[in-house]
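In the form predicted on its own, a lone chain appears below as structure tokens.
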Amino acid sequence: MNQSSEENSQTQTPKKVLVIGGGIAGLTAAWELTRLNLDVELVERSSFLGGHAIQFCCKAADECQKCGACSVEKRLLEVIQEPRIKVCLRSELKGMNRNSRFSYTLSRQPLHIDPKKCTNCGLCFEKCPAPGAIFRGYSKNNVPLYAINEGKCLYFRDRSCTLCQDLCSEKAIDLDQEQGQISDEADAIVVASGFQAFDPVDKPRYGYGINKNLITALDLERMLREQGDVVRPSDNKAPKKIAFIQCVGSRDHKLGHGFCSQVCCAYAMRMAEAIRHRHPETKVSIFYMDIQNCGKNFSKFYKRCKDSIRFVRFMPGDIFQGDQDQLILFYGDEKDGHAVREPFDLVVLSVGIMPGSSNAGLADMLKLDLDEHGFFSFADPLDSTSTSQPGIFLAGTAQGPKDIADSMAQAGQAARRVGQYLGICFGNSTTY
């Protein structure tokens, strides 16, 4: 290379990639892209990075169950420490044009708590007089760890309280911060906008929100992560009998959800083993249609679980409140089909992975296709990161149901495809 070429190479503007979504797939794609010396703008519409997965608890029993929860924490820390990643929280894509590059506009809701000033001391959270007005993220690696809920904050109701702002010695809180916009350009885009969990209210026969001790799998994850143990919401006592009901929202043709969420079977079994590790006397039953063989060594894992967990191949009908806040499940006996009425202390609904609520709007702006279920459709049957638009790639559950490990693997592949699209030479790299 001659001197002129070297000077041009050194002064050339670094390539930049827009990553939409700050869940585990978006975090992984962003971090892997920086390994290719690419700048990244990471856009997340919520107040915290990590998506659903950052709420998951460790499910280790006698040994690691490879649930992937610890991988999310590690990757989140790597991302916030990486100077080439610019994080935009409470931000959404609002406009896109394409010429030689992607020109985009983001709308940004006020953060109110400055991540550069906040020390995560928690004083605002402790002293706030309005319940829920200041809420905390699930990971200490989020900066800031706290956020303001304008819908519950007294200041936004009638300007009657500025206590958090007044107490903050770092002057990190600005209740008058206004909405803004960001306009910029990128050379490629990774769509990692994630999923939304099925809302069990749409299955009224279960009575979610009515029956006190009926929770979702995500509720259970948060409970174990925050409290370190499983308890009944009604009295905070350890349940002696727990039922998991599988495929709530998934494989339901009446709702138009004929697909399998792929993660629920292994999830319920891992969670059941984790609970029994803490409380060996607890009896756990899993009600299912079919057990999906997903993941390496699943058959061996399933066989081990059958030694300590009862599997019932029948989906319960209605659930009713019983004595002492127990829940009564009605189902048919596997052998002769006769009706069974059985009480449980806690019932967990394994809610399915549904397409993200922003998919339709993003697909319209980016001129991408959605599949019959509402997930982003890939263009090449041999490459699930591909789309119909050159320079735009898919990662994680935006493309379809998958677990943490598969989301991370696909995100790594998407980063490599971006590198290939931008003409980056990988040489003998074994990053992916």
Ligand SMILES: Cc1cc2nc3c(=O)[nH]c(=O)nc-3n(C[C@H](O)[C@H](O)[C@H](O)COP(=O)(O)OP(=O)(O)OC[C@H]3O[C@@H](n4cnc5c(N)ncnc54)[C@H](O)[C@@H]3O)c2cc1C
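What you see is a predicted model, and the numbers here were worked out from it, not measured in a lab. All residue numbers refer to positions in the sequence shown, first residue = 1.
One more form of this protein, predicted together with the named molecule, exists but is not displayed; see below.
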Exercise: M315 in contact with the named molecule in the predicted bound form, heavy atom 4.5 Å: no
Within 4.5 Å, heavy atoms only: does E32 come near the named molecule in the predicted bound form? no
Taking heavy atoms and a 4.5 Å cut-off, does R270 contact the named molecule in the predicted bound form? yes
Quick one: does A415 come within 4.5 Å of the named molecule in the predicted bound form, counting heavy atoms only? no
Interface residue in the predicted bound form among A147, I215, L362, V230, criterion: non-hydrogen atom within 4.5 angstroms of the named molecule: L362
Heavy atom within 4.5 Å of the named molecule in the predicted bound form, from candidates D187, E92, D345, E73, belongs to E92
Partner-facing stretch of 45 to 53, 366 to 374, 32 to 40, 379 to 387, counted where any non-hydrogen atom is within 4.5 angstroms of the named molecule in the predicted bound form: 45 to 53
If we check the named molecule in the predicted bound form, which of the residues in 182 to 196 reach within 4.5 angstroms of it by a non-hydrogen atom? A192, S193, G194, F195
